[in-house]
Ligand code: IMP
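First comes one chain, alone, set out as structure tokens in the form predicted on its own.
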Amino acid sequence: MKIVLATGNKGKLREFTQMCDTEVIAFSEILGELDIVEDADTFKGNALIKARTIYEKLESEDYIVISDDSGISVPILGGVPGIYSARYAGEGASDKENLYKLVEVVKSKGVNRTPAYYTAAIAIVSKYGEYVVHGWMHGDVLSTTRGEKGFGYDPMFVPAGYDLTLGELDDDIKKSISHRAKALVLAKPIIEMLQR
């Protein structure tokens, strides 16, 4: 069975391809570009919406569709941006615009550093049913950015136990500690079971 990733985010596709032991195809290679309305109020709900939508549109039982919904939550801001991380600065906002808006909002609270965490929910949909797993990465966000690596909010996030931001850390370290990596560790046995 072929694995299709239900995302148009190139950063996520790159991370999934690096972490999986098998070929992962972006849905757009098969279906072209699609707009999927993510209107659930949880990461799990949005991940399932994406995976179900792509699975139904593929119209074949030969696929396993994986989707992830992830974001960063800052408790001092009441959990914001949370499920709105990809559009925090507005619909169609770039990663940089979202990043700099969060930097400004954190600065407005008068702090240089405050606890935060990333959440990743990975949904897996196939003819055998639906599964969802979660992974988390805890640390702090800064009121400045450091580093050019990664994507999204990585240049302002310092993982617990580290002094560097995700924008400064090597990809190998990020892959081993990230919320997505932790969720993928849980997803892999499910994917392998479905491929048998």
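Numbers for residues come from their place in the sequence shown, where the first is 1. Rigid core here is just the name for the largest C-alpha set that superposes within 1.5 Å across the two forms. Treat the numbers as computed from the prediction; the structure is a model and nothing was measured.
Unshown form predicted in complex with the named molecule; subsequent notes refer to it.
Although the partner is absent here, F151 sits close enough that one of its heavy atoms falls within 4.5 Å of the named molecule in the predicted bound form. Although the partner is absent here, S73 sits far enough away that none of its heavy atoms falls within 4.5 Å of the named molecule in the predicted bound form. The closest heavy atom approach of E97 to the named molecule in the predicted bound form falls outside 4.5 Å.
Proximity of Y117 to the named molecule in the predicted bound form: non-hydrogen atoms within 4.5 Å are absent; the residue sits far from the partner. Heavy atoms within 4.5 Å of the named molecule in the predicted bound form belong, among the stretches 127 to 135, 57 to 65, 152 to 160, 25 to 33, to residues of 152 to 160. The listed set L77, A86, V103, V111 contains one residue whose heavy atoms approach the named molecule in the predicted bound form to within 4.5 Å, identified as A86. For K174, the Cα coordinates differ by under 2 angstroms between the shown form and the other one after the core has been superposed.
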